[in-house]
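For reference, the chain that follows is the form predicted on its own, supplied as C-alpha cells.
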C-alpha cells in the first residue's frame, strides 16, 4: 500500500491537508521538526509520522532509505516569510530563504523520486507575490518563483508517471505569519486588500492540495493555482 507524505504537517496548511485526506481514508505519513506537536497530530489522525528537519540532507537520506512503501504523493507545506527592504537584505538571508523555499523541497524530491508510484502527485507551495509585485518581498518572491519554475520542468520530465503542481496562496493564518496576523489592525488592513475581504485559512489551500492528490485530478499537471482571495487578478478599487 502507498502513502501520501505531508512535509510540514504541523503548519496550518499541512494539518488541513492531512485532516482532509484522512477524512477520505487516504493513508498518510506526517513529517515535521516539532516532535510533541507531531505526535499529537498523528494520534488525532491515526496515522504514521516521522520527526525530520528537511534542511538536514543527511536526515532526508536516512528517511528516504528506510521507506518501505510506495509514495503516492508528497505535499510540501513548508517555507518561510521573509519581508525586508532589498538594500537591507543580506546575501546570507537570500541564501537561507532560497534554501528553505527551494533547495530543501527539491532535494527531498530528488531523493524520493524513485519511490514514487505510478499516477502519483507532488504539490509545492509558492506565493502570490511571485507573480504580483509587492514591496519588501524580493527574497521570498524570487525563491518561490524558483520552485514554480522547477515544478513546470519536472511536470514535463516525469509525465505521465508523476504529476507536479503548485499552489500560490496569499497571506494565510499560521504560526509562520503570526507576526502579521496577530495584530488586529494589520490583519484587517491586509484583509481589505483581497477582493473576498479576508485572510486565508489553512483549509483554503489544504483542500486544493488534497484534491491534487486524488484520482479526480489525474489530468492536471504543470499548473500553478492562485489561492489568494482574488488578490492577484482582481482590483476592486
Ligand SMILES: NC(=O)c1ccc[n+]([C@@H]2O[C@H](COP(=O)([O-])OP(=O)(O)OC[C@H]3O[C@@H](n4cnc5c(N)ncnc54)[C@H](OP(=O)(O)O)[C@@H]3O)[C@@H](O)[C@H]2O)c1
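Residue numbers count along the first chain shown, from 1. What you are looking at is a predicted structure, and each value in this text was computed from that prediction instead of being measured.
Just so it is clear, the following notes concern the form predicted together with the named molecule, a form of the same protein that is not shown.
None of 63 to 71, 33 to 41, 208 to 216, 190 to 198 except one has non-hydrogen atoms within 4.5 angstroms of the named molecule in the predicted bound form; the exception is 33 to 41.
Among the residues 113, 81, 148, 155, the one placing a heavy atom within 4.5 Å of the named molecule in the predicted bound form is 81.
Candidate site formed by 8, 52 and 144: every one of these residues places a non-hydrogen atom within 4.5 angstroms of the named molecule in the predicted bound form. Using a 4.5 angstroms threshold between heavy atoms, residue 77 counts as touching the named molecule in the predicted bound form.
Put simply, residue 175 is close to the named molecule in the predicted bound form: some heavy atom of it is within 4.5 Å. Using a 4.5 angstroms threshold between heavy atoms, residue 28 stays clear of the named molecule in the predicted bound form. In the predicted bound form, none of the heavy atoms of residue 18 sits within 4.5 Å of a heavy atom of the named molecule. Of the residues in 151 to 169, only 169 comes within 4.5 Å of the named molecule in the predicted bound form through at least one heavy atom.
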